[in-house]
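Single chain ahead, by itself, as C-alpha cells, in the form predicted alone.
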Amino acid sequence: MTVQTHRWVADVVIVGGGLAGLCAAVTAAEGGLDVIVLEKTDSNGGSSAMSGGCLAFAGSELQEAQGIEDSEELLLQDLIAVGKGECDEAVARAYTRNQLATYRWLLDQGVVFLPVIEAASGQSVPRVHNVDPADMIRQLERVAGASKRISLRQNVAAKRLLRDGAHVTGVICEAADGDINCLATHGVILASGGFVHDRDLVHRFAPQYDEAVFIGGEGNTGDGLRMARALGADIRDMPYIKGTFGKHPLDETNHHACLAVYKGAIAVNQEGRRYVDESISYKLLGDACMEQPYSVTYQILDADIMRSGENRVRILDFERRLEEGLFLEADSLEQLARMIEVPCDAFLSEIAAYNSAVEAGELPAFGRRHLVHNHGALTPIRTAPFYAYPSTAAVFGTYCGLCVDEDMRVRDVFGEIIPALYAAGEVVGGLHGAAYMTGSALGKAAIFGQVAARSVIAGTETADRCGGQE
C-alpha cells in the first residue's frame, strides 16, 4: 500500500499558531508574502491564550498618560539586570529596539490594552501593558482570517524540516489525511512554543522541577526545538528553566499564579518561617519554594492586603480566588496557623518580627525593601481577618531554547546561520538569561514574531534584487 504525500506551497511556513506565529503571519502578509500557519492542535493560541496577559513595553503612550517615564535603554538595562547578565545582549536589544513599534502595531490590529499596572517583577518603572490574552488571540485570528494571503491550518503536526543543501525549504507534516510536504520558498519560522508537556526534556535540563506543576498549551512538547537541533541548531539558557511561584497546588480549575506577595503578603514554609525576599522575580521565588519541605509554602496576608488586589489583573485578583474558596480565612493568626498546620509559636514569632521591622523602618529578614522589585512600601500584617494561600511553583513556560541572531535567524553550534530558518516566541533562547521580567515572555512572542517575519521579507527582497540568487 502506497501512502500518499500531499504538497502545500507558500512563501513562508510558520510552525505554531500562538501569539508569535500569528504576529509573524500577519506581518509577513502585510509585506506581500503568502503564508501557511501550521497548528498541531484544533485551536490557535497555545500558551499565549492561557497566560496572564502581561506584555512589557517601554515609552508607550499609555505610560505617558499615567505619568510614567520609561525608555528603550532603561528596559534594556532591566532585562540584563534581572537576567543576571546571562542574556544574549544582541537578542535583548532586538527586543528593546522593536518593542514600541510592536505595541503600536498591536493597537492598529485592534488589540485592547488596559492601564499599566505597577505590581510587576524586574522593572525599574511600571511597564506591564495588560490584555485579555484570549481576546488578543481571537482578534489576531480575525485579522489573519481576513487576509487572502494567510492560510491557517489546524490539526497539522510538524515533524521534520526539509532542506535543499544548507537551505531550509519546508516542513514535513502529519495530518488526518496523510503526510504533507509543506514547502516554503523563502523561509520557515519556528513559533512552536516550549516543552512544558515533555517531562523527559524538562528532567534532562531541570531535574529540580520534576515535582512541579506544568501548565501550558497542549502542543508545547518541544517539536520546534527538536527539528532545529536535528539540523545542528545551538541552544541556550537551559539551566534556567524556572517555575512561577503562586500556583495553588490542589486547584486544577485555575491555571494562573496568585501573587499576593507583590501586594505585601509574606511567604512562609511548612515550619511557619519566612524563607525568601518576597519582592524578587517570581521565577526566583519559584526556585526558593521548590527548595522548601514538600515544595509547598503559604502566602500570608491580612484584610488590608486582600483589599489591595486588582481584579483586572489575573495574578492580583484576590477577591475572585477568595470566592473560589482557594484562600484559607481565619479571625486570628493563631487560628490561621492551625488551619495550615504550621507550628503556631514559630509562625507568630515570624510575623511579629516582620511587623516590628516594617514599623521601625528597618529591613526585615532576607533584606526585603519593597513590595515588588523597586516598587511599593512594606506594610505590617495586623488587620483581621487573615488569609493563607497555599502555593507551589508551576512551570508555565521554559524560557530557553534556540540560539538566534538579532534578526531571529537560527544559529548552529558553530555560530553560523542556518539559511532560511527563523524562530520566534518561547522556542527562542537568549532573552531572559537567569531570571525573568514580567511581560517579557508574551512581549517577545509578539516582538520576535514581527522581527522574524520582517527578516523573511528582507531576505525575499534581497533575493529579488539578485535575480533569485542569495
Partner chain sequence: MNIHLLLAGVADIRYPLHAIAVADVDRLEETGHTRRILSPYDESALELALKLRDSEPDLRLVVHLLSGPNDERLLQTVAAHKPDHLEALALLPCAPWDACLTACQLASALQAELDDHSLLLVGREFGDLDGGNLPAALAVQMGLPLLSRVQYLRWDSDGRCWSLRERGTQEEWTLVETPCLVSVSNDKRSKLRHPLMKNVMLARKASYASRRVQISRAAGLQLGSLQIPAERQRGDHCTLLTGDVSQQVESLRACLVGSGADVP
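Residue numbers count along the first chain shown, from 1. Just so we're on the same page, rigid core means the largest C-alpha set that superposes within 1.5 Å between forms. Remember, predicted model here, so these are calculated numbers, not experimental data.
Absent from the display: the form predicted together with the partner chain. The rest refers to it.
A.B. asks: State yes or no: in the predicted complex, is some non-hydrogen atom of G325 no more than 4.5 angstroms from a non-hydrogen atom of the partner chain?
C.D. replies: Yes, contact at 4.5 Å.
A.B. asks: Does the 4.5 Å heavy atom contact test between D251 and the partner chain in the predicted complex come out positive?
C.D. replies: Result yes; D251 sits at the interface with the partner chain in the predicted complex.
A.B. asks: Answer with yes or no whether Y387 is in contact with the partner chain in the predicted complex, where contact means some heavy atom within 4.5 Å.
C.D. replies: So Y387 does not count as contacting the partner chain.
A.B. asks: I'd like to know if Y298 sits close to the partner chain in the predicted complex, meaning any non-hydrogen atom pair within 4.5 angstroms.
C.D. replies: Residue-level check for Y298: yes, a contact with the partner chain.
A.B. asks: Using a 4.5 Å heavy atom cut-off, which of 129-137, 86-94, 281-289, 241-249 contacts the partner chain in the predicted complex?
C.D. replies: Contact-bearing stretch, as computed: 241-249.
A.B. asks: I need to confirm a contact call. Of D331, E362, D164, E341, which residue comes within 4.5 Å of the partner chain in the predicted complex, counting heavy atoms only?
C.D. replies: When the partner chain is considered in the predicted complex, the option within 4.5 Å is E341.
A.B. asks: Which listed residue (E72, E319, D304, E211) meets the criterion of a heavy atom within 4.5 Å of the partner chain in the predicted complex?
C.D. replies: For this set of options, the contacting one is E211.
A.B. asks: Within 156-181, which residues have a heavy atom closer than or equal to 4.5 Å from the partner chain in the predicted complex?
C.D. replies: If the 4.5 Å heavy-atom criterion is applied to the partner chain in the predicted complex, 156-181 yields nothing.
A.B. asks: Does R160 move its CA by 2 angstroms or more between this form and the one not shown when the core is aligned?
C.D. replies: Comparing forms between this form and the one not shown, the R160 CA shifts below 2 Å.
A.B. asks: Align on the rigid core first; then say whether the Cα of F327 has moved by at least 2 Å between this form and the one not shown.
C.D. replies: Shift at F327: 2 Å or more after core fit.
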